[in-house]
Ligand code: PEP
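Just one chain follows, in the form predicted alone, and it is written as structure tokens.
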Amino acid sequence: MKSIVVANWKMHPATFKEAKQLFEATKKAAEKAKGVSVIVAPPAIYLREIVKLYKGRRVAFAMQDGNAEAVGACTGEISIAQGKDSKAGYVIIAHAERRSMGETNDGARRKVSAALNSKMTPVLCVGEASRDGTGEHFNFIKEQLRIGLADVTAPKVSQVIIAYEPVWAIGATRPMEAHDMHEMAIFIRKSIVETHGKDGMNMKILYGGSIDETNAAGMLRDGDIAGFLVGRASTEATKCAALIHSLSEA
């Protein structure tokens, strides 16, 4: 099975000229890599033009966020339907940075439903801000999953990708330990089985948080995951290429 790399450029780069250069480097790395599926999530203002630059099949495209309403009086917003029209096949939902700006579990629920209705793949992000040793973070994750997937029918639940991003590891010098990720992956699947049945065992789970070419292969091997939601490393051409290459050899 191919490993997945979602390259979340966030609010980078500053110009479309730089965006084209970054995409060209990412594309070259993706086309050389074996067993790696790359999904590029550029800033929305670049999405349609970046898509036009690519004619192959090794790279797919994602929105970084999207409004669940198709159209409306929502100044500054971009709808999931508009992202679909721009040829995005995926949409990142409730990223930790969006949650920190007020995104709720209920808002995530509506977006997951809108993405599936638009025949796009939702990448639903979950993750705790901290751990206190009591295990309470498991209940926190379980609630994010319960509400976020509440409108998804059991037969469709495996069409959703779950991205686990422990907020305390984002931007850190190293990711969480692979055995801890393995434990969380088991917990995520078990939680979804409780609400959606056996198809929850087929969930693709990504990890996000301080991943680069030095640690990705080990996390993929031992963390019980399908790939990564990559932020910082995906915005630097050489580091992104190195990360993709490290996974192709894993």
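One-based numbering along the sequence shown. Treat the numbers as computed from the prediction; the structure is a model and nothing was measured.
The form predicted in complex with this ligand is left out here; the points below concern that form.
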Lys111 versus this ligand, in the model of the complex: is there a non-hydrogen atom within 4.5 Å? no
This ligand contact in the model of the complex: Leu229, any heavy atom under 4.5 Å: yes
Would Ala41 count as a contact of this ligand in the model of the complex, using a 4.5 angstroms cut-off between non-hydrogen atoms? no
So in the model of the complex, does any heavy atom of Glu103 sit within 4.5 Å of this ligand? no
Answer range among 92-100, 79-87, 176-184, 136-144 for contact with this ligand, defined in the model of the complex as heavy atoms within 4.5 Å: 92-100
Proximity to this ligand in the model of the complex, single hit among Ile170, Val152, Ile161, Met120 (heavy atom within 4.5 Å): Ile170
Partner-free chain; cross-checking this ligand in the model of the complex, the single residue of Asn67, Ser210, Ser191, Ser37 with a heavy atom within 4.5 Å is Ser210
For the stretch 149-165, which residues lie within 4.5 Å of this ligand in the model of the complex by non-hydrogen atom distance? Glu165
